[in-house]
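Quick heads-up: it's one chain on its own, the form predicted on its own, in structure tokens.
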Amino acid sequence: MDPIAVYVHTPFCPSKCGYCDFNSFAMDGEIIDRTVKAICQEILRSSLRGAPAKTIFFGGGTPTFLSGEQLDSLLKAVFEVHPPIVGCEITSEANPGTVDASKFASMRESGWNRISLGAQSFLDSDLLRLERVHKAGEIERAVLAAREAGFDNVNLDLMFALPDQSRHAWRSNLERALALEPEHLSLYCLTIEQNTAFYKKNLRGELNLPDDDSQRDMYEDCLRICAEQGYEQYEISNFSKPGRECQHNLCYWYGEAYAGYGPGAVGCLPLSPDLLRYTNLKHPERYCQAVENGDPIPFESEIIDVATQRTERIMLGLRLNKGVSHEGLPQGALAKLEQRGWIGRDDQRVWLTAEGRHFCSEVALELI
């Protein structure tokens, strides 16, 4: 069987952040251990048993909200079903407030080799507005603990265009992150999603968000400051030291197949020439009941035909600095977009220019 990317979703967090629309729950007690056991059962029963893992990614939620023993049991289940290839990137997301030296040491010994820390901001005032459970000082301590445990591949997530955030404050955040010398940075503009507390606050006029010009200036700071420090932008929001791109996320952006395990996990499996995309039951209680009773775990699925795959490859591929193949793209649209200064192209590929990155969705729609 061909190697495959593997995603494991752990849905628990210490608290629910106001901006978060991920499948996460502020729960504790027996349900956590029950869910961990159910995820292990789902993995061990997988029809994909034997497909090697080329990447493994634990997301959430907050994976490090689990104990070291619980995390170890999940990773062992993945290893049994999806033996990792040589050089397999094995990532866990982590909240700086839910990790310490002993947990990182345990994780490194178990097999993780990459940590993605949800820093978001180095200002306590920002973290308070975002309803994060950690304090700014814990970010530096978490990075140090990861290094001492032997992690040589660390990502920091940061968000800009936060409520009441100035451009100066954003530059300060970015510079503090770079001072820690992570191998990778994910720099995202805050998006107000429906069904979040922030969405309701914004409707009531309670969020003082930077305007579009300010957001654009902050994004331009990302490009300039990261380049000055030797980080290569390889995707609209992602920057890395040479050779340290996130291999798991590249699987998504290339439109490749991946397995998803856990409550709310999404998987996309080959069904040649189509793909089958599925989403697991989201609530931990209902998910556990389904696993324990031997009932279907996905609550929805869809066939992704060849035409839809092409559309998605264009939409996702344009996010990458290397762009997409120009094969089959409409020449009239390409000429118009090039005249606007939104794309560059050669005899093989099409990519967004620095200006075009501000209009990624518009470019994709023109080419689709």
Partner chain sequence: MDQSRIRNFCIIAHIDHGKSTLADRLIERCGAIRGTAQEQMLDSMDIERERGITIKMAAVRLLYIAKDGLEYELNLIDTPGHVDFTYEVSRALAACEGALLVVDASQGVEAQTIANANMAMNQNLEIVPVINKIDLPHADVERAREEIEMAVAVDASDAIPCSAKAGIGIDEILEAIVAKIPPPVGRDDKPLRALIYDSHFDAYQGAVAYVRVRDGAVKKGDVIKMMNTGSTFVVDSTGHFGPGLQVNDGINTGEVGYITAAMKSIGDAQVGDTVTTRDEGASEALPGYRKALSMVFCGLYPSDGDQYEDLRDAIAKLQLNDASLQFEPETSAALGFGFRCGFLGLLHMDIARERLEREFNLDLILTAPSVDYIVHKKNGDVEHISNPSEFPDANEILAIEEPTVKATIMVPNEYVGAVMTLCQERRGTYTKTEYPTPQRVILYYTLPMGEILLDFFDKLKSNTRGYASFDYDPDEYTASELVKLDILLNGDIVDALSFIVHKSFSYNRGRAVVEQLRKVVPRQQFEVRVQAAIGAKVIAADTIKPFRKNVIAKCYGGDISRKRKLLEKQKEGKKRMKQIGSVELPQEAFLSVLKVAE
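Positions refer to the first chain, counted from 1. These figures come from a predicted structure and were not determined experimentally.
If you look for the form predicted in complex with its partner chain, you will not find it shown, but the lines that follow are about it.
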Is it the case that I4, even though its partner is missing from this view, gets within 4.5 Å of its partner chain in the predicted bound form, heavy atoms only?
no
Might S237 be said to contact its partner chain in the predicted bound form, defining contact as any heavy atom within 4.5 Å?
yes
Q215: heavy atom within 4.5 Å of its partner chain in the predicted bound form?
yes
Close approach of L44 to its partner chain in the predicted bound form, 4.5 Å, heavy atom:
no
Work out which of M27, L334, L48, L316 lies within 4.5 Å of its partner chain in the predicted bound form, going by heavy atoms.
L316
W253, E302 and R340 - do all three of these have some heavy atom no more than 4.5 Å from its partner chain in the predicted bound form?
yes
Within 4.5 Å of its partner chain in the predicted bound form, heavy atom basis, the matching stretch of 132 to 140, 253 to 261, 99 to 107, 74 to 82 is 253 to 261
Neighbours of its partner chain in the predicted bound form among 188 to 206 [non-hydrogen atom within 4.5 angstroms]
Y188, C189, T191, E193
